[in-house]
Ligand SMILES: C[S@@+](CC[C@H](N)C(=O)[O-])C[C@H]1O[C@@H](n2cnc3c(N)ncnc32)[C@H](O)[C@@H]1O
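Given as structure tokens, the chain that follows is alone and in the form predicted on its own.
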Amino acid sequence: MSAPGRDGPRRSPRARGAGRSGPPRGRSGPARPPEPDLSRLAAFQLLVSVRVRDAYANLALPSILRRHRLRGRDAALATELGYGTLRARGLLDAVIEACSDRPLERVEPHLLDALRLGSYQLLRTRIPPHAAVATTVELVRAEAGSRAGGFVNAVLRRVGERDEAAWVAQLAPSAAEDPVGHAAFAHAHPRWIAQSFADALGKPADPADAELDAALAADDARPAVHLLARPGEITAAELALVTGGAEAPYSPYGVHLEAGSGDVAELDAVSEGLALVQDEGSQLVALALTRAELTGTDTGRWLDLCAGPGGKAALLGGLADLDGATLDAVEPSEHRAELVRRAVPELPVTVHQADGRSAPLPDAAFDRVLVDAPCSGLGALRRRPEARWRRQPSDVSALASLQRELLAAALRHVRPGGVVAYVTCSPHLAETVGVLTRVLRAHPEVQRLDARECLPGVPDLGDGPTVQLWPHRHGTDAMFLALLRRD
């Protein structure tokens, strides 16, 4: 029997090492940082790409998913976290600043990206709080070390002490005194955009009127994917069957897929050119142009004056092919003009790379002209999560001038008795009725048609003659439509 030592019986070398938490003798150096969750890493890299390279999220994300070989549920999680965090940035920043011991401008940008990602999981998902915090801290430790991870851990734990509703109640402007500001904060919109929605809805700043709140909530929600069944190639019923979607309620060529359906480009119908991604609202405004009544002889000549990247040209080209008509499509950008050509293969469409304001086309020659004017895109913020924080009020005035010039050019190209559709993906009054008022004042020979008559079956279209679609009313982007006939 071995003799005991002064502090007790001797232990074997293995037993002596069993209680240590540090590395075994003979090894040194820091522990290897944890491997971050790939879905969250992809979402984090999307946030960095948008911030550093000013990237568009919908263009940057697919390559990030491919790099990490994410598919199915993992890709859907990365998309939800990345898009959702970008969409909610204003709300998240206010909460983070309330939970941090330093102002946001003194937080390292990559740590702020991580804090936004973690806060989004805590406030707007069903991910368990401990998982949201732990995975975000692991991500930061792998990227920036343990000290940065400790800071992020402390802030996120404070964020998780309240739910989203409690933070809104604490930080948002008073709903009674500033209903627009309160709705903007609660639904993560800049105040000026919320005000433009209120103006377009024609609603007073009354907290008892819930429509502004409903409009912003719908704009802040994850949208369904809308597909266009190419006319003459596949029916909406057939497309719904092969994709597992549902036929759209209003467009005879539309199909809806559930949000988070994965990479739509991988669908056979899309990869084979039978269908393309297009919001139902975009389909409806293009269809309205083809349904508007003409006077005089129908020559079968149509014009898309702002055609890039080619979605509406594809729909109009397909319908023109069925009707024995032709379509001229104008796009000033070489890259986007090429996208239009790719969107209209074997269709009776001629693509012109030119500025729509001075395109080398004959005057008074076209029966139907579409002006899908470049705009602020405020009507499609739900599909472009980073856009709401990039746009500024000053952008609208510059765009309104271009919109007026394009509409005036369209009225020059349409024949007497022909119809022009003026379309914007924005409800901002300066880009819609403001443009119409200025242009029509200079063109007394032009009359406004009731656009509601060209959208059969679509409810809640207001008093006319123009139409404003809304996500909360119609499930579409907030598209504006005016139909004009030159007498």
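The first residue of the sequence shown is number 1, and the count goes up from there. Since the model is a prediction, treat every value here as computed from it, not as a measurement.
Below, we turn to the form predicted together with the named molecule, even though it does not appear here.
Figure note: of the listed segments 309-317, 179-187, 215-223, 230-238, the one touching the named molecule in the predicted complex, with heavy atoms no more than 4.5 Å away, is 309-317.
Though the named molecule is absent from this view, in the predicted complex it lies within 4.5 Å of a heavy atom of just one residue from D372, E280, D328, D367, which is D372. Screening R162, R336, R412, R89 for any heavy atom within 4.5 Å of the named molecule in the predicted complex leaves a single hit, R336.
When the named molecule is considered in the predicted complex, A275 lies well away from it, no heavy atom lying within 4.5 Å.
Within this chain, P332 lines the site of the named molecule in the predicted complex, having a heavy atom no more than 4.5 Å away. Using a 4.5 Å cutoff between non-hydrogen atoms, R357 counts as a contact of the named molecule in the predicted complex.
Looking at A288, you'd find every heavy atom of it more than 4.5 angstroms from the named molecule in the predicted complex. Along 399-414, these residues reach a heavy atom to within 4.5 Å of the named molecule in the predicted complex: L402, L406.
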